[in-house]
Ligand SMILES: NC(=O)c1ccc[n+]([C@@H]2O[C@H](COP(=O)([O-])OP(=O)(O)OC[C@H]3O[C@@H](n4cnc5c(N)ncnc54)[C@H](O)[C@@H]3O)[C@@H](O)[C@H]2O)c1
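Below you will find one chain, with nothing else, as structure tokens; this is the form predicted on its own, and questions on how it binds or moves follow later.
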Amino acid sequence: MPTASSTDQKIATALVVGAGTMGHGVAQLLAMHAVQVHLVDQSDEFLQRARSWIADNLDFMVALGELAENRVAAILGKINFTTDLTGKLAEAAYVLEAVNEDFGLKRRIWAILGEKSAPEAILASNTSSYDINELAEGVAHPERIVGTHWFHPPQITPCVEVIPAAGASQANIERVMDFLTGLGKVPTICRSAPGFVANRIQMALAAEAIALVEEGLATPAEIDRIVKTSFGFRLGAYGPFEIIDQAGADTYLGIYQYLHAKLGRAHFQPPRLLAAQVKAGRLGLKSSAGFYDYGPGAADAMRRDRDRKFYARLKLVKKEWQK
């Protein structure tokens, strides 16, 4: 029988604790990829609600042309809706805790997961903020603890942050990465810390947007419109470091210096890393080196790549504007 150290061990059975906003979507995607899923919650009422959500999601996928209608019944048949947590844990090769962000509740569930799950099973949490090491403290076989933070709606959004616990084995990390990739996800490893990566960035953006409304500079609708048609438009194609390299680190540094001088807010303090990049002459595309290294002709190639991606996105957003 394969062990957890075998990176080619197939995950064919999963258990998701929590059938709410995130849990039902994860269960749906797993079932769509032929994984047998036990979806667990505390009451039949919650489970019936989850089944209805999943059925509606699948029906809408059929309406959109994203799913063949004859697959719906088989997908639903892959999900076992149950209130039996302890009785089903030993069957699962991948266990995801996806309950509310209540640390005490999560800790109680993790105590059960550690005791009743198979020793070789991957144990994960969908927490968006808690340290995976604190949640799983004291759980046996720490080499199997690899957090997976999915994003709403989990059956659609590509990213999954993979957060290995301190004792996680490299074999199990690779096993999780392969599993998520096979589900069509874009798994990316980050270290365990409050908020991880995506929510640190997302919360910073939201805080500044709220501050702008409080200052009376624009309404929520106006801010949403600006974001969606400016840097938000670009973010679907390029990440923040790629965008800095395109604009120039010196340009960004100058803007930080101006905003900090005028507004005095700590989060506009020019970042030390950015200042070091400028001092080293690593300005981005225009100097052939920035946060990334660029070879000869890279600037022209990037412009062509940028325009190709942006024109494709422009067609999509124009359709949205016309609605």
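Each residue number is its position in the shown sequence, starting from 1. All values reported here derive from a predicted model rather than from experimental measurement.
Below, we turn to the form predicted together with the ligand, even though it does not appear here.
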Is it the case in the predicted complex that Q42, I109 and H149 each bring at least one heavy atom within 4.5 Å of the ligand?
yes
Can you tell me which of 213-221, 165-173, 237-245, 120-128 lies within 4.5 Å of the ligand in the predicted complex, counting heavy atoms only?
120-128
Flag V99 as yes or no: does it have a non-hydrogen atom within 4.5 angstroms of any non-hydrogen atom of the ligand in the predicted complex?
yes
My question is simply whether L15 lines the interface with the ligand in the predicted complex - judged by any non-hydrogen atom within 4.5 Å.
no
Contact label in the predicted complex: F46 to the ligand, heavy atom within 4.5 Å
yes
Using a 4.5 Å heavy atom cut-off, state whether V227 contacts the ligand in the predicted complex.
no
Quick one: of M203, A209, A90, L105, which gets a non-hydrogen atom within 4.5 angstroms of the ligand in the predicted complex?
L105
Go through 15-30 residue by residue and record those having a heavy atom within 4.5 Å of the ligand in the predicted complex; state none if no residue qualifies.
V17, G18, A19, G20, T21, M22, G23
